[in-house]
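One chain is shown next in structure tokens, namely the form predicted on its own.
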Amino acid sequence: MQNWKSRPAEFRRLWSYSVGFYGVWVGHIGRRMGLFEKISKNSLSPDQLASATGLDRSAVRAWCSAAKSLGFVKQRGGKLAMTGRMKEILLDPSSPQYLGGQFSYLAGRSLGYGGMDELFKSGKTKDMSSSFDAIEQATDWDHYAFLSAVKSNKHLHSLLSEGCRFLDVGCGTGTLIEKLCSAYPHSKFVGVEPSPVAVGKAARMAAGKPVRILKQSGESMDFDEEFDMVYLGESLYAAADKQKVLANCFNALNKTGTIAVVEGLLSDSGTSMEDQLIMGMQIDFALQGHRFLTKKEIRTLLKDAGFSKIRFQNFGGSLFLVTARK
């Protein structure tokens, strides 16, 4: 049997991808089943963890063994515990180190990857817009990153603090609007979303808040200088007519309005560790019938729609905040 260290570097790298697949699922299950939450509060043995969560004892034992081996948890005296850093990474979506939601997104999306055969054989795509649970898990970090960027931007923070009219195009289930309502109670919000399922969830969130949720697409919007800020959070890539959406956003803004776009953008090189996730996720987007944009493409789209003063802020992991003025 060949010694591990004597194996080629290429073999060891590809082996790590197989381990990473199981790491994603161990991380997702730990969050979804409340296992990390219980361990984060008290050190527990596998059997105590099963009792505390009410989950199957054999399954929990298998998870504990995997979670320990993969470095999610530590074991001391037969009991499992989590470090402060690991709690932050897995359980705190407001932290810039947060990865828990990404694990749940990848696990949730992979459930639909049975359609890959048809994609490659016939080009048939699969509508995955109904997997809002996975999307919410991933975009939670995006929202906190956006909120942090807003608070550090004097113009945007003042605008929202004093009270502005804010349009969220492709608002999904309204999770960003809910956070903004809490942080900026003097502002008013409108969310536009084509999915009836997402609109239903967003409408329930909006009850009793200064929020309107409209079932329509970005292409069909017909606002006329009604808003101070327009936001598109990982929704522009999915638009069938991106230029029409941005033209409608331009018309929706008042004469000094700001557009903010949060998107994963492809790198020119795609060779760094940060780029690897988005480069791999291209097959996910291809299955949906979409693709990531580049910085050059999004800059051209904004210019053609009439926007100026285009700025890029890298949130990390190939996720960018792009702002521009009318």
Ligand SMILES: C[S@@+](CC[C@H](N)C(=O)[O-])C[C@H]1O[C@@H](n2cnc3c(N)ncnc32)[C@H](O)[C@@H]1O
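Model, not experiment: these values are computed from the prediction. Residues carry their position along the shown sequence, with the first being 1.
What follows is about the form predicted together with the ligand, which we do not show.
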Tell me, yes or no, whether Val169 is in contact with the ligand in the model of the complex, where a contact means a heavy atom of each within 4.5 Å.
yes
Indicate whether Pro210 is a 4.5 Å heavy atom neighbour of the ligand in the model of the complex.
no
May I ask you to state whether Ser195 is within 4.5 Å of the ligand in the model of the complex, using heavy atom distances?
yes
The ligand contact at Phe250 in the model of the complex, heavy atom, 4.5 Å
no
As a check of understanding, the residue in Tyr184, Phe223, Tyr237, Tyr144 with any heavy atom within 4.5 Å of the ligand in the model of the complex should be identified as Tyr237
With a 4.5 Å heavy atom cut-off to the ligand in the model of the complex, the contacting stretch among 158-166, 252-260, 226-234, 109-117 is 226-234
Heavy atom within 4.5 Å of the ligand in the model of the complex: which residues of 175-191 qualify?
Thr175
